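Listed next as structure tokens is one chain, alone, in the form predicted on its own.
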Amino acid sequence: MGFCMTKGHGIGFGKAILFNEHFVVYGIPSIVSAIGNYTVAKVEVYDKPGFKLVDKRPATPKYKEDKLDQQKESFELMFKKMGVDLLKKGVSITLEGNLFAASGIGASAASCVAVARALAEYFNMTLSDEEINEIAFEGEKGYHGTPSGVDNTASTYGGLIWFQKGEKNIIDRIALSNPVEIVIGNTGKVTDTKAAVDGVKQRKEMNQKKYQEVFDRAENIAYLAKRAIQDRSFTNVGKLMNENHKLLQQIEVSSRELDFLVNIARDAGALGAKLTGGGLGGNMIALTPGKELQNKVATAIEKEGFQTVKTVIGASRESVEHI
């Protein structure tokens, strides 16, 4: 462990899965994007052994309380991976930033990446993005048990990413010349991603034929969507998002609230809308190129009493270098 600086500082992006959450666990390609909202971590000396957490992130009610045990486990896993010994002198970790702590937008991954970067700076470790990503993946195990790795990858690298889980994960950048506006709608329900993933596994084992057909189509959609994004054919991207949501409904990870918000967004003119993340609550995402459409869709969702985040997909670290 290196010499301690007086303060460490790190950033991690939120994310939106555009295609194939849940399917990604089984080796099917997914498309994920960093969004323009992020978590910032600050690490300072603490006069007692162990760590003190000051969590100033804006959050869905009860989110931080419900996730606290998982968060502590996550930090311990990262300390171990980094070889950080806090028995003699502890650290104080402060989390803040403009990323809402809510289910489905990579809040846990963003905090893992931000904390890993801040700890690395504090302990004078020179780590590559790849090493930060590995540490954040370890931290994600505290929240998700068996994470796919997609959230921490988007949070670490930024931009738009093609991600395929395997013995060696395939991580390819998808070129997007300019970020594109989206609306994220929050159901207000905190979800348990572990439970959602386990549910899919059990149902898949019981309905192998039905699930195989759904999974095959999900794989096909990923390739079509990649081409549509590269062509900036957002009308086609939206149609494929709508179809992807239908497949997620078929594997029973949507919810009444998610479907309600998806329908509101589409009725207000979104090119496409679907759940994003673990499902069963959490967030949905609507594709709304242009500020005017983004505002219209966000207003329609807010009128029904739900919170929204107006942000962009394809956010890069260069765009937030001033932080």
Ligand code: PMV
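Just count from 1 along the sequence shown to find any residue number. Note that the structure is a prediction, hence the values are computed from the model and not measured.
Below, we turn to the form predicted together with the named molecule, even though it does not appear here.
In terms of contact with the named molecule in the predicted bound form, the residue from M78, L160, V190, V197 that brings a heavy atom within 4.5 Å is V197. Although the partner is absent here, H144 is a contact residue: one of its heavy atoms lies within 4.5 angstroms of the named molecule in the predicted bound form. The named molecule is not drawn, but in the predicted bound form it has no heavy atom within 4.5 Å of G272. Within this chain, N244 is remote from the site of the named molecule in the predicted bound form, having no heavy atom within 4.5 Å. Contact annotation for S148: at least one heavy atom lies within 4.5 Å of the named molecule in the predicted bound form.
Of the candidate stretches 101 to 109, 170 to 178, 81 to 89, 224 to 232, only 101 to 109 has residues whose heavy atoms lie within 4.5 Å of the named molecule in the predicted bound form. Annotation for 266 to 288: interface residues with the named molecule in the predicted bound form are G277, G278 [heavy atom within 4.5 Å].
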